[in-house]
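Starting off, we have a lone chain in the form predicted on its own, written out as structure tokens.
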């Protein structure tokens, strides 16, 4: 790997992080003090009245009042009016430092003008969608192939969820096998077969309400970093299950590295897939281009058979999804006549529309020109180092670590619970989840937008001044914690 070209300046000490995370979940929670939590809630009632009015009205027509999970925050969702660079403003005029960055795709920062201006020009001449081929489909595919040689062919789709569905379908068509093994706890979209082992390893179909059990009968999970468990499952599938079509994983670990992998994990999974004749699928919905133009596969030096794209491939513009990989596998997805072997049907009228493909082309070009992933990674390093200093100075059991511009701040440990300890799951999941919601609200009331109160994405727009301001605000919130 060439670290100078990637957001990750050095891979973290994974064993030390797990030691700290295990210590965190063994301790009683250190929540926001009740008097300070009242101040936090008062902020929302007095300063966010416009958001509350809008989202209360939305609940009459939209389930839960918002259209997607990222938008729900405790005690109620914020309604956004403006996003620019590293900052965001709500409808009440409150200013926030934006570490959500739309869930990760805007490595350049929100609403980046050089890309926006190109899209405005395209909309004036072509419009967002035609239903026919557009030159930028080819331009984007050429660009991705140059960054990631393992992507010999690219098929654009509408979302990361669709792209995972296509990857599994192509893998099964190519191998003639059915079983798919995932690393438990990872999020690979919400298709029927992938709502399995979701968020927390060992949960199986726990969150699969509305999904017939048979839909995931060929989906299996292993615990993160459990190479012996993977070998065992691959062997059982070979002996009794007709073999394994694919192993799918997030290359930095489940939930964008919330359960981080060891640095040689991906290479060892590659070797096991080769040994047992399974395809290796990298889900690079978050890491693709955020970690560097070569993605996680470039950083780790591991060549997957298939690569799933989402968020970053269009720089934050809609219809963000795609699947790339080996030519012989990808040809199963050939549109119309011309596929090799058994055709694996995929569709999507709006997939690869001119607006999305042009946005992806110009966003990726700008990311390469500006070295945005590297700059965002340096911001992530600065944020993580500052958070760790606050944690140490205040004597808190919290854990901060990062994979470049993906920054983790674990305060409740709810995402680190697993079904190896079902009693702890039963007694602590809800209170730890609520503690995390309160932490997220406390950050927000102090001008910080995070992903669910435990993850942050930095961007090229996060200057040293922005990060230092954010750290002062995090320090204020840490002072609200019990025992401070």
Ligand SMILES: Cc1ncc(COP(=O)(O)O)c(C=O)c1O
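Bear in mind the structure is a predicted one, so any value in this text is a computation, not a measurement. Positions refer to the first chain, counted from 1.
The following text describes the form predicted in complex with the named molecule, which does not appear among the structures shown.
Chemist: Suppose contact means a heavy atom within 4.5 Å; in the predicted complex, does that hold for all of 290, 380 and 462 with the named molecule?
Modeler: Per the other structure, none of 290, 380 and 462 touch the named molecule.
Chemist: In the predicted complex, which of 351-359, 146-154, 181-189, 397-405 comes within 4.5 Å of the named molecule (heavy atoms)?
Modeler: The contacting stretch is 181-189.
Chemist: Determine whether any heavy atom of residue 296 comes within 4.5 Å of a heavy atom of the named molecule in the predicted complex, and answer yes or no.
Modeler: The answer is no: residue 296 has no heavy atom within 4.5 Å of the named molecule.
Chemist: At the 4.5 Å heavy atom threshold, is residue 311 in contact with the named molecule in the predicted complex?
Modeler: Output for residue 311 is yes: heavy atoms within 4.5 Å of the named molecule.
Chemist: Spell out, yes or no, whether the shortest heavy atom distance between residue 230 and the named molecule in the predicted complex is within 4.5 Å.
Modeler: Answer no; every heavy atom of residue 230 is more than 4.5 Å from the named molecule in the predicted complex.
Chemist: Do residue 221 and the named molecule share at least one heavy atom pair within 4.5 Å in the predicted complex?
Modeler: No - in the predicted complex, heavy atoms of residue 221 and the named molecule never come within 4.5 Å of each other.
Chemist: By the heavy atom within 4.5 Å rule, which residue out of 225, 161, 258, 266 makes contact with the named molecule in the predicted complex?
Modeler: Exactly one residue meets the criterion: 161.
Chemist: Which of 372, 100, 329, 286 has a heavy atom within 4.5 Å of the named molecule in the predicted complex?
Modeler: Contact check passes for 286.
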